[in-house]
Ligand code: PLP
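The chain below stands alone and is given as structure tokens, in the form predicted alone.
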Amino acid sequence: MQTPHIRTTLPGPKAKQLIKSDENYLSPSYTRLYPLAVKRGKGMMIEDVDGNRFLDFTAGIAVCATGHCHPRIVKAIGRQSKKLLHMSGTDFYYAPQRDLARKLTQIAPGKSPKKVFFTNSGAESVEAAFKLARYHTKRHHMIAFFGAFHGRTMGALSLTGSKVTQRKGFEPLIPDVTHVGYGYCYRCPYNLTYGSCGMECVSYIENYIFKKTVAPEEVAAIIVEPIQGEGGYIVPPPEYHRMLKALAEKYGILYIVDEVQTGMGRTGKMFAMEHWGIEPDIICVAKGIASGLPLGAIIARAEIMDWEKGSHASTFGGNPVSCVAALETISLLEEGLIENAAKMGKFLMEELQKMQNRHRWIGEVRGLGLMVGVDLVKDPLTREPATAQRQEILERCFQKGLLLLGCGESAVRFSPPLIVNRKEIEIALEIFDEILTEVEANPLG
């Protein structure tokens, strides 16, 4: 299964049947973007219930770092499943949990001793980081960012500033969270131009927030994504994180980095913060850590992880099967997949930038490694987001056998498994180019 192959109209008859019955039993809160009814996956390919094959440039929302059902991951899961499925790492001891914690402390950025707390998901990792920051600092306020997505549980949702639909109906959320503009130069929240802006996206916190609404000595942590994911695959300017970290250190504020989507090799480094040479105080991880099995963690400097027994726990966090999958995932990343992400990501970016010269709707191409966003605009001068057109493009790509997702108001995200090769990227770009040409020739509205 190397190339897309569409054998039925989409959705096919079996897919229609599954979708209809699914809607009878599952929550309407799920956001199904197009009618893909998955049967199985292998490597870069997804097959639906009607036998249609798709080239997957979503990786299950940046989760399947090693591709679908990598044989080494499947083998590791099989071995462990015959020994132990569960015994709660909260109350007892088992080697896979210890081994993975040790490995995570070794590969995390910085030289400080570290400790690990295991969770089941990215949102749970953020919740744990939120609680640990308050517990350690004895402070209560948090600084987060517009455009940020940290999860949908109540604490994580309180930090999220991505879409009003994610927060509407759930107020009141956790108080004492202040959102500020992210370092988004293409659409600067302060209407300034990079190079002459004085890095207002950082200085605003000290010059306005800390002087007018929140005392810095009451702020427990700044929580930030290295690259905003759901917000639009936004890469901040080079000095941004170093300046934010310096500001946090100046006032004794913890620097929490949400690497749920950017971590585990996605950007061509094990962790995205390595691009800027920064050691966070707490790192949140999940998604790509276990190649599709539910697992998350926070990795914190040992001196910060000082909460007492029973103050936080998780029945399923650090499940032994997920832990061995994660250990095998990390081995594959270190054996060449991180390097491949950097190499193939560079090729993908360069080809998309060439495509930008042919398409007036491509406003900006941005990213690091295999975390690449294409921002679609109605007009390159006004940069008005082409939101409806973006959805049309995603649906038409699906019809041609290419799976993509959106992010932000009008960006298309390219986040394939880290095993992707040059030929597969060329196929994806050919389909994307063709669909973009079609939609530009016959725009909506």
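Start at 1 and count along the sequence shown; that's the residue number. These figures come from a predicted structure and were not determined experimentally.
What comes next is about the form predicted together with the named molecule, which does not appear here.
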_Contact stretch among 325-333, 83-91, 197-205, 259-267 - heavy atom within 4.5 Å of the named molecule in the model of the complex_ = 259-267
_Among the candidates Ala108, Ala123, Leu100, Leu337, the residue which, in the model of the complex, approaches the named molecule to within 4.5 Å (heavy atoms)_ = Ala123
*Pick from Gly369, Pro96, Pro280, Gly151: which has a non-hydrogen atom within 4.5 Å of the named molecule in the model of the complex?*
Gly151
_Within 4.5 Å of the named molecule in the model of the complex, all of Glu225, Glu230 and Lys287 (non-hydrogen atom)_ = yes
*Relative to the named molecule in the model of the complex, which residues of 93-116 have a heavy atom no more than 4.5 Å away?*
none
